[in-house]
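Below sits a lone chain in structure tokens, taken as the form predicted on its own.
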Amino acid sequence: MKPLRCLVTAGPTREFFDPVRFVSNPSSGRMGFAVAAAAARTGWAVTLVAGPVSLPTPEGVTRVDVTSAAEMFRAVDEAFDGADLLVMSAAVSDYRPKERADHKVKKGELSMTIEMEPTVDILKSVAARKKPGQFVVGFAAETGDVVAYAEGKMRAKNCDMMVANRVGGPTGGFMSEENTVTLLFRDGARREIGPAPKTEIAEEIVAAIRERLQG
């Protein structure tokens, strides 16, 4: 049997309004990198699309580095049809500056109001064309009503599984090495994990996916 082809995204994106200034978020990429490493140890063929983070590439993983949401979308869009599963753990910026200057805007010239526009919804866009047999996992990071929000996101974006991740608290989040998550499935099943190191959370996530795909 051929190894499952696993596509993972990790880290933040950066949306520039001039060559040196950007909007982003504090995602460290640790969770996604841990998932990629756990999937590779399982024997799956793993491609990791990584935003701008300073983490070593996990052993046995093919890495594609990107910066912006648009670049991440192109990489995921290109690889998705050939993947058996997608784990969309990246913290993709929801908005980007509508205009980008081609030079550094001087302090005195910088407007205090910057017009923004939505970035592409990568998860929703690729999951909309999911084929029979493909398995899509999303992540929902929220500060309140995490499970309710994640359940709605799972259905709205055609996911098979959603990792509900509470951020901003003492037991996990973007910059922490630990996490507390709830795994949600389309059939209504759920599983609480943590608080635990992100490496352990990743092993549990991969094990849950493997149960669903391989029995």
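As the structure is a computational prediction, the values presented were derived from the model and not from experiment. Numbering starts at 1 and follows the sequence shown.
The same protein also exists as the form predicted together with a small molecule; that form is not shown, yet it is the one meant from here on.
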Would E142 sit within 4.5 Å of the small molecule in the predicted complex, counting heavy atoms only?
yes
Please tell me whether any heavy atom belonging to T119 falls inside 4.5 Å of a heavy atom of the small molecule, as the geometry stands in the predicted complex.
yes
May I ask you to state whether A127 is within 4.5 Å of the small molecule in the predicted complex, using heavy atom distances?
no
D94 near the small molecule in the predicted complex, any heavy atom under 4.5 Å?
yes
Residues L7, G32 and V49 are flagged as a possible site; in the predicted complex, is every one of them within 4.5 Å of the small molecule by some non-hydrogen atom?
no
Could you tell me which stretch in 40-48, 180-188, 57-65, 149-157 has residues with non-hydrogen atoms within 4.5 Å of the small molecule in the predicted complex?
149-157
